[in-house]
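Quick heads-up: the structure tokens below are two forms of one chain, split into structure 1 and structure 2.
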Structure 1
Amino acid sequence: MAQTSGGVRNIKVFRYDPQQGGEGHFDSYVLNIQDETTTTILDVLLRIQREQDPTLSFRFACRVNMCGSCGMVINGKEGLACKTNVSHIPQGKEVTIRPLNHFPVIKDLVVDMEPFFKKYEEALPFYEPREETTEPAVIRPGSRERQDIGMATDCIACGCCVSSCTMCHYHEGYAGPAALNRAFTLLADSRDGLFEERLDRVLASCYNCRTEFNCTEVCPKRISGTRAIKYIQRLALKHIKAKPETIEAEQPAVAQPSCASEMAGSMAGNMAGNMDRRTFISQVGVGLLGTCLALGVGGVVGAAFVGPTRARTPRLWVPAASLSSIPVGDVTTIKINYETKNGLYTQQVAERVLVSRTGDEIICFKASCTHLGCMVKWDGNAGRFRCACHGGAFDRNGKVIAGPPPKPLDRYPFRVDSDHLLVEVG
């Protein structure tokens, strides 16, 4: 028994025909969607193309959030069409789909990614070993360096971060969050031999960033481009050498500070007005590192690159369903809706919970495969959970019994309050 929701949705899709030119326009379509929790925006576009308008153009390939081909703007926010369910948009609200920002439009939702990859190449995105060796490098999963790089290597170059970044519009030479994130993964790798060259290529772009967190907010792989940019600035503080003769020429004579904090205040106060931000950080900041005050230079900048760029989202208890409505001996699919705040933005979230109830035992599973995040459904005939894409299968307790998933299904913490089942999210 599954609880589903559906109905008629109005879909507005941006259309542009290069043979006609102009500014483009939106066409409206109407679709009857039976279950919005299992229908993606990519499914919507495919239905429109097959059932109503075969001239509609858009890109897609893998359908499992891995290739990045189907990046587009959905109701004003960048995302992957194959990852965004219709249920993520408030029920009954019109769905609008348009191409990514800051890219030339080729046709309809298809954009020219050449400017993206050109800037990507300018950041020297390839690995160049510092030392030639015939033996593979040993990298411990728990090493500090690996933890610093973390999920940043999962970038799929979908362009969503660039589309969301307002600075990409105002600064033509700005490398953009994706290229800077890639540069960060290599700059933080002690095995790489192009540190100086790569840092010289990307450092200037780091100061075009205004720490808006837009790139962090929209990344389908949960990568923080903002963190990568601030990390590069941190590396600059550590590794770019100060020029003593320049500092002496531009700095008025000051009394010898009695402590490190006084020295920081004196240097910052006397020099901030005489040089641009990049020069100040690179020349003065490095000098302060020896006094253990590098994190104090620049105030907000110093604080921004330490630790996560965003506060952890508060955990919430969300009502799922009344316990009496969940049959014993079955697996019930329940849709939950809640509001969450990411950085500066508040958004509505719709998720599916797979509730297994056998006697007094209740287990609440997340409806996403632990392999690639594909959708998981309960197959009552086979008595197992099945992944929609890669042949993954899990038993009634969420344990892997087939396919590539590396671990059991993730679970929601839950509690029962006055006959209501609540799950913890966040």
Structure 2
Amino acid sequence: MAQTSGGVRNIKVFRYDPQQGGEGHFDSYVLNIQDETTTTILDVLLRIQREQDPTLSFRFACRVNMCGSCGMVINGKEGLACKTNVSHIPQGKEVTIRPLNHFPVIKDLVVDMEPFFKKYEEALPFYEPREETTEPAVIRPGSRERQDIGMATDCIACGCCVSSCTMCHYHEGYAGPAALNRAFTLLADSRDGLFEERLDRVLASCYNCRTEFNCTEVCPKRISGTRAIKYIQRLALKHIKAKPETIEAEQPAVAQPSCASEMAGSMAGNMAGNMDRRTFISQVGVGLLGTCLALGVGGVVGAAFVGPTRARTPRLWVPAASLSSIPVGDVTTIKINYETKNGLYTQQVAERVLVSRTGDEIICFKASCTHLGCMVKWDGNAGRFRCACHGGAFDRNGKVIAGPPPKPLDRYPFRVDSDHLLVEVG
């Protein structure tokens, strides 16, 4: 059954020794490989190390495509050493192995992944519960959000996409496909509470993408960075199209974008599956998706014209509580719920308002830290607001007294209407 194909291969491996410095060079090795169809590039490197040159360095951990440690450039294309077999390289051809692009080389094939993690971190790639609950959310597997997210949360942070992307090379500030992919999966996740902050963070980056699909082609997990980027742009587009207007409503209030686009729904549906460049392009030719792509690109241009920051979504007055229920001299946490239309779907928003009431004065603070948007809580004993994420603290008036927050707590505009406290959201 197993057809074997063996023979002698020339292997060229990039070498760099920090103790010697310089530009690095390639060393050549000759390896007799019994069966190329069952020999991975990782096996090749291990053999060279064991049999010919113990000073060769490379990185790996799981050896089964699960940890993303072994990304490298193999005959010009990014891939995992443990997922690429020698037989994938045309017979008789020399095998050339070099480290990932755009990362500082530590030694030989080992790169410093810190720039990757840093960009990743800047996209706020972490979940922040919209609401404090103890029960897992009930979300149907067939729901739009889960269809959209699909398997895109399976990224193993291998860096192959970033290495393949020419824009990552030219734009220092570009977050890159992996970070944007994670941002997309969180933006689409109705449980997450950092929608605004995250969209603000990543949108500008999305306009750096030139839709080259390199990232999509090299991803070992078949994740499409390109699709993620287009998804974020469409989300933003919806926000821009939503004309600011004031709606006053009792709960549940819906912030309705002024112009609902029929394209949005079908677009998301059609792009739900991850596809590689070839299938993507071949489908573009045939109808619906073609139209969608054109619209999508139009949207991108439009959005770029308006600029990277989104217009505000329609404002909305949401009743918070009856004034008489808010004790004087304390800080009260009030949960508000409202709906907002995000273009692709209706978002249930639950927010916390921290109401500080002293004598005649009322201040309504947002419970979201001005550092990275984590939840801020009132610590009655210490008489300060605290953020658990990085130890930020604010005094009773929202002024920063400790930690990294760059500015005071944000406040909600509010008004009192016949004993009802209403806050303005959106």
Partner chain sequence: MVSKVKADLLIIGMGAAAQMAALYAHEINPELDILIVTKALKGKGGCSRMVQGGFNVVLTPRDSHEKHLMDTLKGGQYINDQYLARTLVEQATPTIKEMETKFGCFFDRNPDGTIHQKAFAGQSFDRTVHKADLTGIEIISRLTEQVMKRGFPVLQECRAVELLLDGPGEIVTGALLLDMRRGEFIVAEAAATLVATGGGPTHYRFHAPGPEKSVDGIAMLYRAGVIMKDMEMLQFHPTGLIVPGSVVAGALLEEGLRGAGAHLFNGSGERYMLNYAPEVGERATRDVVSRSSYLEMMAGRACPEGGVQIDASHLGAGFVLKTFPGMAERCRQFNYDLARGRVPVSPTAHFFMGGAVIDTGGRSTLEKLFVAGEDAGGVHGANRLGGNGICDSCVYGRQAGKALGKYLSGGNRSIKETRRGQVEEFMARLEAPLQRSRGANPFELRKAIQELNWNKVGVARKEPELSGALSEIEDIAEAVETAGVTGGAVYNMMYNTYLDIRSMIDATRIVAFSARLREETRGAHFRQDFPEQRDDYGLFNIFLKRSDDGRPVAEKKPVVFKYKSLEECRKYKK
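Here, residue number means position along structure 1's sequence, counting from 1. Since the structure is predicted, the reported quantities are computational estimates derived from the model, not experimental observations. Here, rigid core means the biggest group of C-alpha atoms that superpose within 1.5 Å across both forms.
S.K.: Where's the form predicted in complex with its partner chain, in 1 or in 2?
M.R.: Structure 2, which is the form predicted in complex with its partner chain, differs in this respect from structure 1.
S.K.: Any chance the CA of Gly92 moves 2 angstroms or more between the two structures, core superposed?
M.R.: Gly92 C-alpha, core-superposed: shift of less than 2 Å.
S.K.: Relative to the superposed rigid core, does the CA atom of Ser418 travel 2 Å or more between the two structures?
M.R.: Moves: yes, 2 Å or greater.
S.K.: Align on the rigid core first; then say whether the Cα of Asn65 has moved by at least 2 Å between the two structures.
M.R.: No, because once the rigid core is superposed, the C-alpha of Asn65 moves less than 2 Å between the two structures.
S.K.: Upon rigid core superposition, what is the positional shift of the Cα of Leu323 between the two structures, expressed in Å to one decimal?
M.R.: Here the C-alpha difference is 84.0 Å.
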